[in-house]
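Here you get one chain, nothing else, as structure tokens; it is the form predicted on its own.
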Amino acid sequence: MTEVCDVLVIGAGPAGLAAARAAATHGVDVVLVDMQARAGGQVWRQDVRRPEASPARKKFQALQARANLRWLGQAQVVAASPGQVLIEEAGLARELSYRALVLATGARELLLPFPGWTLPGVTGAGGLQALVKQGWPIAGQRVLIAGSGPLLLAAAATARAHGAKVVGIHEQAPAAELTRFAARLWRWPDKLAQAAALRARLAGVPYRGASWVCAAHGDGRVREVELETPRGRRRIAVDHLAVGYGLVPNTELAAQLGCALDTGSAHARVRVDDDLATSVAGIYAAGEACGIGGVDAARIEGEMAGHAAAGALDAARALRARREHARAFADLLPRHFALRAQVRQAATAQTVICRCEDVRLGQLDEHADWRAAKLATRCGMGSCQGRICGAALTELRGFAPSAATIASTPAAPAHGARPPVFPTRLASLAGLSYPAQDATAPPR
């Protein structure tokens, strides 16, 4: 049996929560879906030791009080076509049809491999935050944070708040760029205040520019980090290393739905117009899926998309100026935190690139593109479906679509995106009446 709703919102982070609230205020029937048990997404992930501090909690409680909103937690979309999705929840499959859809699928961390990055004790910077908030013991451990972007400060502050000894924050961008970035924050007072508050919480922790990880060393788990610094290479003893190079938009579901993607930068994002409508009628996108913009942009775009999906375009358009202001901040990030070539050169021929299928970088040298590499080595064909190694190889080898804009259709999706969106049971896929493959579409 297929359930029906007016507006379906996928993702319950800042953008999804704002979209669901905005749509629900117009009296339409809204369904909010997220793969986590609690709303908040990555940025507002609940801290099990400080549940009262979650900004998502109050917003979510207000949403749950509405009679026209249904919450599906621990549920994930495994297949989709315009007007209909297949959701797996608690091991059960259910079909849901919608009149309008808001994609608030967020982003994932960009991880760039280096020798030793698969050692136990090495995670992403965002990954460390998620682990610690879920109760992973970090108190008393020596933690080094490295990579690029504002996430490093947030990850370090979370680790320190839970008792970790943060031995240093190492940012690959030059110190002069960090100074120029800070000098432009006056246009966004909230961001300036947030940065100052984080730095105050990290008083005494060294924050070094032009410094990046070359390798991690250890026997059975990480023991030392090897860094390239303006004063030459040095080693630092650690118990945990967290390295992240920013975020990458999650576009897989949009691609399966036939939404056009913009590939003007290294990593594709969902193409939207000024009303946040995608190229597929009735489907909107908001937040990081449209390009990394931070929590403020996500909240505003979520609200815009929710209004638009409910048919209230005037309410959505009234927020355009605020969106432009928030997106202007996002434009600063690639300018001041551009990755230097040496970061991409840290991986050697023996470095594992695809952790799922145990594929090393040297095995990919003879392949010209992503498709050839997948067919010959199974790189990207494991349980993460290329979400980690695919983004890394875009940076390391330029394995990305070459067209400026990719227009996809459900029959010929962009980037080879096919169901399932996430690994699932055959019984779940059998429950979907998925459109037949277009016989004229080129093979992938």
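Numbering starts at 1 and follows the sequence shown. Keep in mind the model is a prediction, meaning the values are calculated, not measured.
Beyond what is shown, the protein has a form predicted in complex with a small molecule; the following relates to that form.
Colleague: Using a 4.5 Å heavy atom cut-off, state whether residue 151 contacts the small molecule in the model of the complex.
Modeller: Judged by the heavy-atom cut-off of 4.5 Å, residue 151 is in contact with the small molecule in the model of the complex.
Colleague: Could you confirm whether residue 256 comes within 4.5 Å of the small molecule in the model of the complex, counting heavy atoms only?
Modeller: Result no; residue 256 lies far from the small molecule in the model of the complex.
Colleague: Please determine whether residue 23 contacts the small molecule in the model of the complex, using a 4.5 Å cut-off between heavy atoms.
Modeller: Contact with the small molecule, no.
Colleague: Although the small molecule is absent from this view, report whether residue 63 comes within 4.5 Å of it in the model of the complex, heavy atoms only.
Modeller: Flag for residue 63 set to no.
Colleague: 12, 107 and 287: each with a heavy atom within 4.5 Å of the small molecule in the model of the complex?
Modeller: Looking in the model of the complex, the three residues 12, 107 and 287 all sit within 4.5 Å of the small molecule (heavy atoms).
Colleague: Please identify the residue among 129, 211, 263, 278 with any heavy atom within 4.5 Å of the small molecule in the model of the complex.
Modeller: Flagged contact: 129.
Colleague: State the residue from 166, 100, 316, 75 whose non-hydrogen atoms include one within 4.5 Å of the small molecule in the model of the complex.
Modeller: By the 4.5 Å heavy-atom cutoff, the listed residue in contact is 75.
Colleague: Residues in which of 341 to 349, 225 to 233, 76 to 84, 212 to 220 have heavy atoms within 4.5 Å of the small molecule in the model of the complex?
Modeller: Result of the contact check: 76 to 84.
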